[in-house]
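Listed next as structure tokens is one chain, alone, in the form predicted on its own.
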């Protein structure tokens, strides 16, 4: 059989490898390299002072994360992160799936609805925080005025110790629900219409069609959305920084990493250890989620 040379002969055959070298180098320098150094720093007493010495301290930084200093606040942040991840993952995907199913019914102006629901994703965190900061303004915000008219009640919103974190969860879901919706919509549109027609002939109801036809066949989309939601929720700190700056019981692990790195002491070992703990938690949840989702895909 004649050998094929899609990229030519001689040195031209190595052009694809040369083209891959630049992105690979960027990945190593800006992602893989810093990740490895973070793990190394977590076992040292390195500081943010140029020229300072670095000494190996073993697991001291990991001990400090859970048992020293303000470790109680860090444990609260971990619990709050898990709560944030669970609520965001369940509600965001539930609402996104519902909206995707409705839009998939070939409604008039469905492309307009897609754009409307996806718009918050492209606005950016700063714009979203500004918009909802005005909406939730305790003095003149329209939401507070609506609360007053309907319930005779006013809230401090992002300034409330009891409700601020709930409003942050709401904003997070509102901002990224459109992204999950598009993934579900792509999965829904790949379901063969013949299956629905066969189900209709057999007398299945709409709920039975969804349960036995739609839901099993969009399992890959569900898996992708679950993973993205888990990783995104457990890594969220920007919306917290832009709305409450970690006050009013809204700190999460990701925000603690940011605070310890850029606003805490000069010690870099502790935030590095906290980053590693955060990564391991995300890894555990992702592995468990992938295992369960893949199992469901195989069963159906």
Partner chain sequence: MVKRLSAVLLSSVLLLSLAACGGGGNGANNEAGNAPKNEATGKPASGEKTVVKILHWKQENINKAIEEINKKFEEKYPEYKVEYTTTGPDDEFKQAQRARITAGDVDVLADLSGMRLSPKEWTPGAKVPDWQQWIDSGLIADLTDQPFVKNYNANDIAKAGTYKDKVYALPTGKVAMSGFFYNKEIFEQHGLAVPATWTEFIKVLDTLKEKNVVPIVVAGKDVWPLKLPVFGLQAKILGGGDQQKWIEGVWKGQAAYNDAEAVEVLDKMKTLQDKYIIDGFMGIDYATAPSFFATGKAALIADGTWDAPTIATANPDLKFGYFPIPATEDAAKNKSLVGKYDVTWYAADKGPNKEGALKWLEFFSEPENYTSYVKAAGFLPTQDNIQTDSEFIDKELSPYLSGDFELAYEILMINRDNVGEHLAAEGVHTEYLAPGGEFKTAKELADVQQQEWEAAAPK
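What you see is a predicted model; the values in this text were computed from it and never measured. Residue numbers count along the first chain shown, from 1. Whichever C-alpha set is largest while still superposing within 1.5 Å between the two forms counts as the rigid core.
What comes next is about the form predicted in complex with the partner chain, which does not appear here.
- Proximity to the partner chain in the model of the complex, taken as a non-hydrogen atom within 4.5 angstroms, holds for one residue of 166, 159, 216, 124, which is 159.
- The listed set 220, 138, 94, 142 contains one residue whose heavy atoms approach the partner chain in the model of the complex to within 4.5 Å, identified as 138.
- Segments offered: 72-80, 110-118, 179-187, 85-93. Contacting the partner chain in the model of the complex at heavy atom distances within 4.5 Å is 72-80.
- When contacts are judged by a 4.5 Å heavy atom cut-off, residue 56 does not count as touching the partner chain in the model of the complex.
- At a distance threshold of 4.5 angstroms between non-hydrogen atoms, residue 284 is out of contact with the partner chain in the model of the complex.
- Using a 4.5 angstroms limit between non-hydrogen atoms, residue 28 touches the partner chain in the model of the complex.
- Within 4.5 Å of some heavy atom of the partner chain in the model of the complex lies at least one heavy atom of residue 21.
- Within 4.5 angstroms of the partner chain in the model of the complex, the stretch 240-262 places a non-hydrogen atom from each of 247, 248, 249, 251, 258, 261, 262, taken in sequence order.
- With the core held fixed between the shown form and the other one, residue 280 has its Cα displaced by under 2 Å.
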